[in-house]
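Here's a solo chain for you in structure tokens, the form predicted on its own.
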């Protein structure tokens, strides 16, 4: 019997949570899920009861029924109270995870772009700040291209050390990570199932997304919007590192960018894609 209930326990199918606010979201999902289960069986139980009780019988005639005000008020008022109550109950979690003014000060800030069919991520370089690009300056959008997806202004000295990765990014554990997400082509959805994060990213807009991971490891970034024929393959991998491990990786990337810049001195190329990874199947 326990195995049967386990099959119908939606929470048991969830991927592992590694987000500081994930447990609260899981609890909210559980409340809504089990309320829905109770209402489902109650509704269809009553329906089944009436189907049996008022089934066809020889000699019994039907009669017209013009409604009952008490019943109609009941099934209007009760759902209103239920949905209003759920709205109030979930408001704090929604505010913490979605409201812009609730986003904490970023320990790490990353720009992310969805494309058909993959993901780009851009980091500020050794100076810790982004140069001029399509995010920091909307007038730079005309610079966006297949070889320069973020619209990096190659004449801006502050952006010379920024670097881009494809289908992979890394973040430190126990840190507030703020992602500014957008899209190059169509609507995509930035979905980190282990982080309990899902946010549509829209061409021309930069959506603010944040999370804080409490466990290191390798996890999946997926697209949760049907975005074209190759949607099934739109996956990337992100790695949560210890803070020392992240600093070491960042130092290596900054060193790589510096060497590439020295080799390409005098050119007007935008920040190179210094790391590319195609995630293995899970």
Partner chain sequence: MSETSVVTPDSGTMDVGHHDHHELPWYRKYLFSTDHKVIAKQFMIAALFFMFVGGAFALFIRWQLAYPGKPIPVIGSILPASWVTEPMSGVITPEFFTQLLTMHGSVMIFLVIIPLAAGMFGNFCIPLMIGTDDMALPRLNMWSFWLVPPAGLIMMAGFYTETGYAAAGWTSYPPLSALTGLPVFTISGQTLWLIALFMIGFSSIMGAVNYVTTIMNKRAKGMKLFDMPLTVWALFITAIIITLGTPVLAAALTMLFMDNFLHTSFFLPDSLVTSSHYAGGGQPVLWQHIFWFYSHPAVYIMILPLMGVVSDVLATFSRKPIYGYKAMVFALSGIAFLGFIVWGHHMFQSGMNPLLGTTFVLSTIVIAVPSSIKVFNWLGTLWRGDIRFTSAMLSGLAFVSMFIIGGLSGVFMASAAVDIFIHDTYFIVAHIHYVLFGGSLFGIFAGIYYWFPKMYGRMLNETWGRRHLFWTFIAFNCTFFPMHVLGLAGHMRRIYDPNVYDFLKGLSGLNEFITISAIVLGFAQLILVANIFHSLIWGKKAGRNPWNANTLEWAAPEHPGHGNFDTDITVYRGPYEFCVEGRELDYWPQWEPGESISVHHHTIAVSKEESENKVFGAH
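By rigid core we mean the largest C-alpha set that fits within 1.5 Å across both forms. As the structure is a prediction and not an experimental result, all values here were calculated from the model. Residue numbers count along the first chain shown, from 1.
In what follows, reference is made to the form predicted together with its partner chain, a form of this protein that is not presented.
A single residue from the set 173, 197, 177, 160 has any heavy atom within 4.5 angstroms of its partner chain in the predicted bound form; that residue is 197. Screening 241, 257, 250, 222 for any heavy atom within 4.5 Å of its partner chain in the predicted bound form leaves a single hit, 222. When its partner chain is considered in the predicted bound form, residue 214 lies well away from it, no heavy atom lying within 4.5 Å. Mapping the unseen interface onto this chain, residue 139 falls outside it, with no heavy atom inside 4.5 Å of its partner chain in the predicted bound form. Heavy atoms of residue 127 never reach within 4.5 Å of its partner chain in the predicted bound form, leaving it off the interface.
Contact annotation for residue 191: at least one heavy atom lies within 4.5 Å of its partner chain in the predicted bound form. Only one of 152 to 160, 165 to 173, 104 to 112, 85 to 93 places residue heavy atoms within 4.5 angstroms of its partner chain in the predicted bound form, namely 85 to 93. In the predicted bound form, its partner chain lies within 4.5 angstroms of at least one heavy atom of each of the following residues of 37 to 61: 39, 40, 43, 44, 46, 47, 50, 51, 54, 55, 56, 57, 60, 61, in sequence order. With the core held fixed, the Cα of residue 88 is displaced between the shown form and the other one by less than 2 Å. When two forms of a protein are overlaid on their rigid core, residues whose CA moves 2 Å or more are considered shifted, and residue 203 is not one of them between the shown form and the other one. Relative to the superposed core, residue 146 undergoes a Cα shift smaller than 2 Å between the shown form and the other one.
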